[in-house]
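Shown next as structure tokens: one chain only, the form predicted alone.
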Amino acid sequence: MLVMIFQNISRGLASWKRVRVILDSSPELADGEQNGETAVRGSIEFKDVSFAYPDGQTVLEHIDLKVNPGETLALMGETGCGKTTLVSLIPRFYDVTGGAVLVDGVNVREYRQTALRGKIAMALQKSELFSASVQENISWGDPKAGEEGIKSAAAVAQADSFISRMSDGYHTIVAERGMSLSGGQKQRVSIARAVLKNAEILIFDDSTSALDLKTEENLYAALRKASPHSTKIIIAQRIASARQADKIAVLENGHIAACGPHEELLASCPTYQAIYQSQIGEEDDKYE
């Protein structure tokens, strides 16, 4: 018994030393003083932005891009070209290694992180749902929202119809990680959560990949009507998801190969033309 007690004490002391190192460490991302009050709402600008991970891998180089309030920007490019990394710099999940990211004309380093992220709502390709009711999962976007607000957000996300058919409607319990829902249903609940927040900036990171084209088209049409003043950034793999955006930025090897409306890129950008040609047989006919 004494030997076991000694072993437990030794392990506990070693663990406590490691925990103290973590508790005493300072966050790499230090808060600024900006409280989020700005004259402009929904503006995003990348000024000569470069980014490399701590292992030295350079992901983005010399990105210059501006999105005006209320505009919709689509990001396209091959897997691993830096699309998700680029949008992750907006809520300051990482700090740039060169240049600056501006939200509403203010460098993101100058914001308090809670104030900056309060301006932004995100829906990811992999939806994070909890073992709670559908209503509770959606209300994470705005805990103060009432039932009508939650249903309105679900309607925009094209989720109201399938939620209403569930055994207990919005009070139906979702299994851990959303295992009781299909991929498309999980994504729509996640989008409803983002819509409910009513943020200045909406970021959809390939969050409609499991939806059919008609549902996706209806979703973006409802979103334009419900949030006309919100700036929207859409990471997409499908031409049909991006072609209605105000402008499309094509990323290639960490650089912006081209940026402009669908028709302009179709006439001038070889990378975009290649994506279009690879999808035209399976998607464009359906979209038309």
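From 1 onward, residues are counted along the sequence shown. Note that the structure is predicted; figures quoted are calculated from it, not measured.
Although it is not shown, the form predicted together with a small molecule is what the next lines describe.
From the list 109-117, 148-156, 181-189, 76-84, the contact stretch for the small molecule in the predicted complex under a 4.5 Å heavy atom rule is 76-84. Proximity of Val59 to the small molecule in the predicted complex: non-hydrogen atoms within 4.5 Å are present. Interface membership of Tyr170, defined by any non-hydrogen atom within 4.5 Å of the small molecule in the predicted complex, is ruled out. Contact annotation: Glu37 falls outside 4.5 Å of the small molecule in the predicted complex, judged by heavy atom distances. Taking non-hydrogen atoms only, Gln237 approaches the small molecule to within 4.5 angstroms in the predicted complex. Just one of Asp55, Glu28, Glu33, Glu263 comes within 4.5 Å of the small molecule in the predicted complex, counting any heavy atom, and that one is Asp55. Taking a 4.5 Å heavy atom cutoff to the small molecule in the predicted complex, the contact residue among Ser133, Thr72, Gln125, Asn198 is Gln125.
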